[in-house]
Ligand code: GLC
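Quick heads-up: it's one chain on its own, the form predicted on its own, in structure tokens.
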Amino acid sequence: MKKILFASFESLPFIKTGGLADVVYALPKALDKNKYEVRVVLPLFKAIKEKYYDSLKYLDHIYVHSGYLNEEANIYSCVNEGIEYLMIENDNFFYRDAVYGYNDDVLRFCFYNVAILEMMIKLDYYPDVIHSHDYHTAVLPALCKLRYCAIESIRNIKHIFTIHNLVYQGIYDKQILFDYLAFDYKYYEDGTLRFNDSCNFMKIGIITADLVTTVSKTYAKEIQTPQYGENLDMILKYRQNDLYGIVNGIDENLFNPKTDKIYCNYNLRNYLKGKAENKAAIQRELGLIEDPDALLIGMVSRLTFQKGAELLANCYSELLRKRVQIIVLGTGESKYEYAFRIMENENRGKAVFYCGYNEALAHSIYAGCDMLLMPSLFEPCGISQLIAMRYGTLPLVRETGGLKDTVEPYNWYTKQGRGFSFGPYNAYDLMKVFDIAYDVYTQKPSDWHALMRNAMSYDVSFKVSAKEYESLYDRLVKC
């Protein structure tokens, strides 16, 4: 049985700030348990300690000496849904109210990566593959191959590094490499650890991992271009033969309209009745006019340039001239929060802005809305459109990354599709495709219902993706 260790800074059900947590939670469960022994390692954050501490099992104590870093840590474990989670406790770095956003984040990341290796040594646990996720754990392959390589059990570990969003790279002063990760300077001189006279965690992961994956086939192609490559396009092109795009899935038990804690449960047999009841309920709850025929649009998103918030800010007035209602749930850049507050104030009964995040409300939006708006400038994979389709809510997306890979656009002639999409990133093209969607909703209800059925029938689980990851594990580690 092959041993796989997932290394991440967050994972459901313990800690979440974004889609990374969903993936690290769902993918291990989808892997073949007869072939793979999967563990996940996480920092023991304050929020985890407060909720789960009594259920954790103490394993051991480690010392982490790495350059100027001299810290101690305790190792705990627990089992959740058949997966063992290893947790590294250090209150200096992890007993904080938030996961990210501190001046010493780079020290926290350095400590965590080195602590993972010291944990393996202390527990005499050496996985066949370490699967690192995003830049927070991107230096693990380099640590194994360049610093801990004298230990054969560590030197033999294979590495997969998954890019969830190339924008966030972890770029720091080059001294971090020597002062806190204790690398030999020769690896900076030869370019392995150097990036424009600085330290770039993402670049290090891309260069030193055996295989690199990202979260959709289209995004894997996009990031090899200057437009989407975030200054790493040439490095990714250099690794193109070892770069794979594997689309994300979602946990179908967590997101299931048949069992979810929503206003009214439903499935493919009674989806029209279920959707109608959920729509009426969320309209009442949020103070919208209870209008069953209004096209109810939801947006569940970080309010940033990436997510296309500016497009909605520029065209919501035009949308609301029609028999349309809008719910926006999210937080982010102040200019977008301000714009959506104005939207709500000027359109009482037709528009609502919930500033913040509310998981229960998000599920109600997926269940109650007719359409999900996701006009992203770029989107490595996207989770919201997968959830929306699971609930029969049709996504309107821009054709980029995972949105292009998962949302088949409506075909006027064949009546096929699972949503609607547009290409150029501007409000004009968004409105053109919205007008088509609105005409289908108001004039061709049978087509709209067919699209809902198509969306709900689409496999959004990790089953297919898990097989692709398994083939990569098997490629790296022969039986």
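One-based numbering along the sequence shown. Note that the coordinates shown come from a computational prediction; the quantities given were computed from them, not determined experimentally.
Omitted here: the form predicted in complex with the named molecule. The next part is about that form.
- From the list 86 to 94, 160 to 168, 273 to 281, 333 to 341, the contact stretch for the named molecule in the model of the complex under a 4.5 Å heavy atom rule is 160 to 168.
- For the options 380, 205, 298, 375, the one in contact with the named molecule in the model of the complex, meaning a heavy atom within 4.5 Å, is 380.
- Checked against the named molecule in the model of the complex, the residues 80, 256, 77, 306 give one hit for a heavy atom within 4.5 Å, which is 306.
- Contact check for residue 248: a non-hydrogen atom falls within 4.5 Å of the named molecule in the model of the complex.
- Remark: residue 455 does not count among the residues lining the named molecule in the model of the complex, judged by a heavy atom distance of 4.5 Å or less.
- At a distance threshold of 4.5 angstroms between non-hydrogen atoms, residue 394 is out of contact with the named molecule in the model of the complex.
- Using a 4.5 Å cutoff between non-hydrogen atoms, residue 19 counts as a contact of the named molecule in the model of the complex.
- Residue 215 is the sole member of 206 to 227 found to place a heavy atom within 4.5 Å of the named molecule in the model of the complex.
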